[in-house]
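Have a look below at one chain only, the form predicted on its own, in structure tokens format.
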Amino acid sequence: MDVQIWTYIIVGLSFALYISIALWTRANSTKEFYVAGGGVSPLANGMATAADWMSAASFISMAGIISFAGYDGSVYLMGWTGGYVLLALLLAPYLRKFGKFTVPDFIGERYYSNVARTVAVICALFVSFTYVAGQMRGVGIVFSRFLEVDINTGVIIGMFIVLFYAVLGGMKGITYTQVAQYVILIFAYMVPAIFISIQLTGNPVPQLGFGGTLAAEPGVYLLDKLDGLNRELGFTEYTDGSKALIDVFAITFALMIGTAGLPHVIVRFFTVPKVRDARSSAGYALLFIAILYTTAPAIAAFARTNLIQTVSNQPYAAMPEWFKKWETTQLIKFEDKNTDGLIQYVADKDKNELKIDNDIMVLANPEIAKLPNWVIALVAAGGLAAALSTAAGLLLVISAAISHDLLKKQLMPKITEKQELLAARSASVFAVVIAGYFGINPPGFVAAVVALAFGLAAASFFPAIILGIFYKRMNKEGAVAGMVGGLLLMIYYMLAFKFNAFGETTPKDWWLGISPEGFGTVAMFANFFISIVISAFTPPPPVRVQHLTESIRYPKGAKAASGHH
């Protein structure tokens, strides 16, 4: 059977599974809609958290970025992994002990302020909409290549699928769907990695093959071979970096604290019965995430080696079928500048004839390595599972922010639970439509906006949550001033140095040599400083809030997650 038939079968079966789970786990109350009833087992929550965490960015893009950036790309690996560890150890158990539905709910209650809650809602909406637009775009790319429909049609198919199980099942439906999606995505990620590792190095464990020698050239290490190939074409050596050390540190740290403040992952820890379960599920999730994250550098190196050997200095007319099909999606572009019919893939921009999008490396990897068609289709199903699982988690954050934190907590406090549930489902529909629009019409600066979203999460949420847990003297004036100050500083830096809004800039103009992607670190420290200084000169929080802050640091006595107080 050809790739397309296999794709229809495997993707069709996976979608049928998701829809069946959604029907089986329909939510009947706000508690089931927001936190799956609070009774999810740690193992299931660990798998769901891993699927929620590993988006299209992790599945499709991360290995692609490392593949092209080499050593410099490792900042994403370190930042996203470190962010999860930070979240699991430093935030999740305490937030679970606090027992609220959402991050804005925590900030609103801890800082006894609707202004703080509203600032948190705005941050949650911005971060979530930015991410979900990227996920929908990822769905469109996979569909356009493997089902041979245009990207817009692919986005619309993805909208209907995610709408069905997110609106019907809420967090309850999303949780059990994400368990299935984790199994599919990790299987889809590992199978081609194992196949290619055996092909290239003779070792079935990709992580060992990555550091091993080549099967075709005994005694030659894979990374030495890759360094040599990069050198011959004028690229920086694969194992060498070009970024300044301070920028590497700043970007890694900004990604860590930004991802630790992501609301769609934090909310997953409210779905387990006890604080101990939150810790256990964090451990399970770390194990499940590590399987993919330790494999990504190997896939990146395998893909880069195979790609260079397949296309470099080869006749364009002799390119395999996968090359032509990716050309139709515009994600591979060839321009024969010297009209010799050969593909010149080199670092020199004036001579380079080939442009390859980072995002296709994982998807195209099995085809480049000439793996069986069912493996290629499996990777498509895995990419869709990763994108849809994260999109569903983000949609829930958006709907909870609107229905719970804005309507129930502020604008219409007297609405019944049934009306709130209806509002949550309506907000999900609204969010899917907006996400679909941005998926179909992505702004030209999507990548920049994603970096801004990380910076905003780092500059706003992280200090407010940490100080809210560990500093009982922290008051609402300090928290609001810190969040607003951190946000404004981050926005200014992005406007000035990413979008050149105040005149043309170069990397030489960066403050302390830190890029806009890493500036979230500086903005976070500014937030901490402003928060602590302002709170020192304003009245302390009420005594009940100080007692509450002390109590959440002790593991006993946690109650079920609640939207009421």
Partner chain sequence: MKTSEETEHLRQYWRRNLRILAVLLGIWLLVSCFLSIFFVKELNAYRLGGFKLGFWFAQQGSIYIFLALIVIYVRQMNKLDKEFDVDEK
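Positions refer to the first chain, counted from 1. This structure is a prediction, so every number in the text was calculated from the model and none was measured.
Omitted from view is the form predicted in complex with its partner chain, to which the following refers.
For this session: Name the single residue among A424, L77, A377, L95 that comes within 4.5 Å of its partner chain in the predicted complex, judging by heavy atoms.
Result: Looking at A424, L77, A377, L95 one by one, just L77 meets the 4.5 Å heavy-atom criterion.
Problem set entry | Contact residue in the predicted complex, chosen from L89, I440, L354, I434 - any heavy atom within 4.5 Å of its partner chain | So the residue touching its partner chain in the predicted complex, by this definition, is L89.
Problem set entry | Contact of Y112 with its partner chain in the predicted complex (heavy atom, 4.5 Å) | Looking in the predicted complex, residue contacts with its partner chain do not include Y112, since no heavy atom lies within 4.5 Å.
For this session: Using the partner position in the predicted complex, report whether P297 sits within 4.5 Å of its partner chain, counting heavy atoms only.
Result: Looking in the predicted complex, residue contacts with its partner chain include P297, since a heavy atom lies within 4.5 Å.
Problem set entry | Contact test in the predicted complex: Y84 vs its partner chain, heavy atoms, 4.5 Å | Answer yes; at least one heavy atom of Y84 falls within 4.5 Å of its partner chain in the predicted complex.
Exercise. Should F461 be counted as a contact of its partner chain in the predicted complex, where contact means heavy atoms within 4.5 Å?
Worked result: F461: no, not in contact with its partner chain in the predicted complex.
For this session: Name the stretch, out of 321 to 329, 170 to 178, 272 to 280, 397 to 405, where some heavy atom lies within 4.5 Å of its partner chain in the predicted complex.
Result: Within 4.5 Å of the partner lies stretch 272 to 280.
Exercise. Should the three residues Y131, F146 and V162 be counted as contacting its partner chain in the predicted complex, with contact defined as a heavy atom within 4.5 Å for each?
Worked result: No, because Y131, F146 and V162 lack any heavy atom that approaches its partner chain to within 4.5 Å in the predicted complex.
Exercise. Does anything in 204 to 230 come within 4.5 Å of its partner chain in the predicted complex by heavy atoms, and if so which residues, in order?
Worked result: Residues within 4.5 Å: Q207, F210, G211, Y221, L223, D224, D227.
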